[in-house]
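Next comes just one chain, in structure tokens: the form predicted alone.
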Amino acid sequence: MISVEEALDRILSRVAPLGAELVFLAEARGRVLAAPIFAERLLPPWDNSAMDGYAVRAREVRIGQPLPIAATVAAGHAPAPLAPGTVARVMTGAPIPEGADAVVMREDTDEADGAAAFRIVPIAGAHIRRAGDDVRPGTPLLGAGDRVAPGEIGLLAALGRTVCHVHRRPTVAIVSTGDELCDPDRSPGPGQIVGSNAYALAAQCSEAGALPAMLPLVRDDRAAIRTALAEALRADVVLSSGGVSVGDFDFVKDALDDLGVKQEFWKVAMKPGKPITFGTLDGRALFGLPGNPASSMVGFELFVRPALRRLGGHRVTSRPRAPVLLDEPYRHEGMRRHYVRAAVRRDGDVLRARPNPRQGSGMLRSLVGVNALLEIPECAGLVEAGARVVALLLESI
């Protein structure tokens, strides 16, 4: 067996960001830029008012002395130059008339009989947003590897960008093996259970930014598994579920060997999910995950998700980690690191964790209502309530 850290290092050393594709800006949220973006125009494009008020020549303003209102300038309208000795009523975002050098807020003004009298004397530049204050042509806006979030989309749209180059999203083929499995829309026969892992893994893939495809269930037959995996190799990543342990009908490792897959490791010193295999073939990554639901999903979080994030171009591939306080004791037995499904909540300035009372690797309900995996070190023994442990956060807390 190898450690969790060594397994992850081997995986990430074998995968690299995928090539670029051109997408419409409206479809770019959550994607990662494959090339830097530079500004090609001013933002804002012209001087405009930051307030509803009056555009003035600051040197002409005297407290209490009315000046005639020569025009009203609304957003979206080009104003005429401001004649000396006059002011213009302006709305927020409206262009500043040529000749004006300040804006007095409406709240500091009294208007009557077509003239405005001011309670303050402004300084030049007051409440004016200058052309290019935000962005000037040639400004580096975003770099390769930056994630496109709503703010980035708004900025690019304001600058007239309708498309951008992003890293391609990895495609994932999911293969579930086992004579005992049937599809959810069928009633299980004697000795059968519904094959739920593919659905859970597909959801995890989508959350990680990948494009999953579930292949038909495969029986426990070496040739059938080999054929299914060969079909799955059309994708960037192959996930198999089940058949990676040491049972008489665990044929996934053998089928991978048949296909010429270079297997990097098998078995990781962790619980749940020890029997995990990873390999590569022709630039594609193949993961053999255990068949037990908790083992499969925990293995995905620790190893597959970081690989998918790397393939999609993300700089940060791992979930955030944070110290948490245990609500109740946890007994660790054995030499492997435990990943405990738990619900973490914020309590003032600290995070508290309540482990799910049922941690069996085959218990589907143990995966419901949890938002963290607690890392309990090897040979920890009894971890008392109130102890501080590290949590892998699956959601924002």
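Note that residue numbering follows the sequence shown and begins at 1. Small disclaimer: the values here were computed from a predicted structure and weren't measured.
Another form, the form predicted together with a small molecule, is not on view; read the next lines as being about it.
At a distance threshold of 4.5 angstroms between non-hydrogen atoms, E180 is in contact with the small molecule in the predicted bound form. Using a 4.5 Å cutoff between non-hydrogen atoms, S318 does not count as a contact of the small molecule in the predicted bound form. In the predicted bound form, the small molecule sits within 4.5 Å of a heavy atom of D250.
By the criterion of a heavy atom within 4.5 Å, G299 is excluded from the residues contacting the small molecule in the predicted bound form. With the partner removed from view, the residue among N292, T109, T277, Q204 that has a non-hydrogen atom within 4.5 Å of the small molecule in the predicted bound form turns out to be N292. Shown without its partner, this chain lists P97, G313, G195, P272 as candidates; in the predicted bound form, only G195 has a non-hydrogen atom within 4.5 angstroms of the small molecule.
Partner proximity in the predicted bound form, defined as non-hydrogen atoms within 4.5 angstroms of the small molecule, places exactly one of 236-244, 262-270, 123-131, 322-330 at the interface: 236-244.
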